[in-house]
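Take a look at this single chain in structure tokens; it is the form predicted on its own.
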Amino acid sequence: MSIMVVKVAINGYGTIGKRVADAIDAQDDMEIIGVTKTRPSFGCDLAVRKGFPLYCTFDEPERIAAFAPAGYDCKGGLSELLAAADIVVDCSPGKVGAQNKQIYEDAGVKWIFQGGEKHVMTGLSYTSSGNHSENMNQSGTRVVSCNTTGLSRTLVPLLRKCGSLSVECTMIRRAADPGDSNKGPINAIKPVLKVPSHHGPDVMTIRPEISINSMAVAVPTTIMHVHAIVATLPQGHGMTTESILDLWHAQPRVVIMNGAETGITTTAEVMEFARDIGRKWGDLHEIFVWEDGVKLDGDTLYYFQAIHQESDVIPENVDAIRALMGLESDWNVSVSKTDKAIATYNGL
């Protein structure tokens, strides 16, 4: 029996877009038919080396023509790319979603946005473990942010086990991605003065049964976020610290390690672990939980987790494609297929 191969366009080939493209390229039921750049830049070289057809984000002839003098074969504008696509993954900078969404709908393609856009614009949001079935055969969705994805990975299993949750979370956020040079703070701790921050309430776009608030501070590091989480379980939950750890051990895309035993006690060491196990770009798609930082005291659960902001949403985009295209209704099956393919991917 032949496998349906979905033709995927990537609009925005940057930090997230290049990773999503590789993850899709690894799958046997998806094909990258093109990626876009706004102008000739070093990111074009990577697309060319990988054999991804290069398109311009815009349709204006002068913008398309600007690629040739820089030595790049630009196949055309965004409209030409969308005409050949089944679905587009939008990895462009945040806050341009509403304009792009109309373009995609006019082109008759399905669409996926990233967490930089708001749920109200897309009307539907996605995490693999949280609401895969609700996204089946829909016209489009939003893969939630790295922080919301991370919170969902550990909170959704608890919700399903306990029936309800009340959560307070403090996000210790990286100031910028490693490749950014125009952001800060450099020598300061910057509180996010919008309270609650958007991260916790965003979880409720996935599972509204989770009552959650969050606060955030930005600190001068670039490699990971850390969450300090306090969750109140319902009375009679029947859980222990050990059973919660067992529950998380059974979840895909969650890594649990004992800091004292492994020596992995900081985010720097977590990312060194990702490099040691041979992950491309040193990425860690999983959420990292410190076992010795997990404690259930009566009905109150305390724990820390670390989020690699450049990569935890990458496999989620692949699973979202399967949901929207109706390829796989079982989220566990999709996750297993996605992760196995990524682990064996040999792309440049």
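Start at 1 with the first residue shown and count on from there. Quick caveat, the model's predicted, so the values are computed rather than measured.
One more form of this protein, predicted in complex with nicotinamide-adenine-dinucleotide (NAD), exists but is not displayed; see below.
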- Message: So, a 4.5 angstroms cut-off on heavy atom distances: do all three of 167, 239 and 246 pass it with respect to nicotinamide-adenine-dinucleotide (NAD) in the predicted bound form?
- Response: no
- Counting only non-hydrogen atoms and a 4.5 angstroms cut-off, does residue 310 reach nicotinamide-adenine-dinucleotide (NAD) in the predicted bound form? yes
- Do residue 15 and nicotinamide-adenine-dinucleotide (NAD) share at least one heavy atom pair within 4.5 Å in the predicted bound form? yes
- Query: Given that the partner is absent here, does residue 27 sit within 4.5 Å of nicotinamide-adenine-dinucleotide (NAD) in the predicted bound form, heavy atoms only?
  - Reply: no
- Quick one: does residue 107 come within 4.5 Å of nicotinamide-adenine-dinucleotide (NAD) in the predicted bound form, counting heavy atoms only? no
- Message: Please pick out the stretch from 50-58, 280-288, 295-303, 66-74 that is in contact with nicotinamide-adenine-dinucleotide (NAD) in the predicted bound form, where contact means heavy atoms within 4.5 Å.
- Response: 50-58
- Query: 163, 208, 191, 93: which sits within 4.5 Å of nicotinamide-adenine-dinucleotide (NAD) in the predicted bound form by any heavy atom?
  - Reply: 93
- Message: Quick check on this chain: which one of 203, 146, 112, 85 has a heavy atom within 4.5 Å of nicotinamide-adenine-dinucleotide (NAD) in the predicted bound form?
- Response: 146
- Message: Under the 4.5 Å heavy atom criterion, name the residues of 244-268 that approach nicotinamide-adenine-dinucleotide (NAD) in the predicted bound form, in sequence order.
- Response: none
